[in-house]
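Next up: just one chain, as C-alpha cells, the form predicted alone.
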Amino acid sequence: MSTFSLPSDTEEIAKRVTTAAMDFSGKTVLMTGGRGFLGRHFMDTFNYLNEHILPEPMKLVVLDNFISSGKEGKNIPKFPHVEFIEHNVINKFEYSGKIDYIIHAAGIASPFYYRAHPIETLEVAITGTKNMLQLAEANNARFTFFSSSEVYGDPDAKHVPMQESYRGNVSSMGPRACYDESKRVGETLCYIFHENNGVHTNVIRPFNVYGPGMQETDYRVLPNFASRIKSGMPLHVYGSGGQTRTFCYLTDAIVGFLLVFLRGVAGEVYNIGNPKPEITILELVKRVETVLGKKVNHEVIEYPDSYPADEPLRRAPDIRKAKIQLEYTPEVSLEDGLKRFLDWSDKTYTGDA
C-alpha cells in the first residue's frame, strides 16, 4: 500500500470517472512530472483502473527528473503497465511506440521551489511544453497542459470568481513572474499548436489542490500547517492573513483533471477547483481547529525571504464551463477534505520540516 495516498480516495476517483475512463482501455498515456504530487496520484488511479475497471489495461509512460519531487517521488512502488524514464522535458524525447494521450504535468509549482529555480521553471513550461506538443503532433495524440490559476495574477474584485476568459493582471517582472509568465506562454503554445497544427490541446488551470501525498517540505499553506501541528509549534500565517483562497480536495481535482483528458473540447481551457468556500487564511486556521476539535496557536508573520512577494489577494474559480462541458462537480466539503488530509499528515509527517 502506498504512503502517499488513501486507498479509499483512489477508489472514489475511479468510480466517479468509470464511464469516461473506458476510453483509456488499451491506450498509451505519456505523463511528464509523473513522480510529483499529482503524478503519483495519477499512477495510483490508473493502476486501480487497470486492476478493476478497464477491459484492456492502459500503459503509462512516466517522465520525471526529480528536481522538485523529493524523496516521496523516488519511493514509488512499481506498478504493472507503468514504464518510468528519468528525463528532463526541456530536452527532446523520442518514444518508439504509439502514444494516445500526453499529460504535461511537469513543473515547479511551489513558490519556495520556483523562487530557487527560476530558469528551470521557465524552461519546463516553455521549452518542455513545445517538445511535448511536437510529440503529440507526431503521434496524433490528445495533449493536456497543466497551467495554473496564477495566470490570473492579482485580479480586480469584479473578476472574482475568475472565468477562463479573464485575461489576468500579471507582472512580467518580479519573483513570481518566472512561474506565472511561463505558464501563460505554455498556454499560448497550446493555442498555436491547436490552431495551426491541428493538435487536440486542452489547458487546465488548477486552484489550490491539497491532499495526502503533499511533501512536508512543500512550503504551501496546508503542508506548512500540518507540519507545525505535528511538531506542536504555532501555525505561521504570512502577511495579514486576509488573503483569500478556495481549496480543492485531491479527489475532486483528479476527477476534474481526468474529465479534461478524456472529454475536453479541443482548444479549450478549464478551471478545475472548488469554488466554495472562499475564505481568508485566518479563517482557514479556524476551520482546521474545528476539524481537530481543539485550539491551535498561530502567529501572523512577515513573508520569509524565501517566499516570493506579490502574493495575489484573492483566488476563486468560476467552474461553469467545466460543469457544462465536462459534467464536473466537486463533492468533498472543506471540512471533510481537511479531516482526510490532517489524519494522513498526522500519520506521515515528522514535524521536522
Ligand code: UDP
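When you see a residue number, it is the position in the sequence shown, counting from 1. Nothing here was measured: the structure is a model prediction, and the numbers come from that model.
One more form of this protein exists, namely the form predicted in complex with this ligand; it is left out here, but the text below deals with it.
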item: Listed residue that, although this ligand is not shown, lies within 4.5 Å of it in the model of the complex (heavy atoms), from Phe193, Phe225, Tyr249, Tyr113; value: Phe225
item: Residue (of Arg263, Lys130, Arg220, His87) lying close to this ligand in the model of the complex, criterion heavy atoms within 4.5 Å; value: Arg220
item: Stretch in contact in the model of the complex with this ligand, which is absent here, among 235-243, 87-95, 120-128, 137-145 (heavy atoms within 4.5 Å); value: 235-243
item: Partner contact for Glu181 in the model of the complex: this ligand, 4.5 angstroms, heavy atom; value: no
item: Proximity of Glu150 to this ligand in the model of the complex, heavy atoms at 4.5 Å; value: yes
item: Gln163: touches this ligand in the model of the complex, heavy atom cutoff 4.5 angstroms; value: no
item: 4.5 Å heavy atom contact, Arg315 to this ligand in the model of the complex; value: yes
item: Those residues of 156-179 which, in the model of the complex, come within 4.5 Å of this ligand by heavy atom; value: Arg176
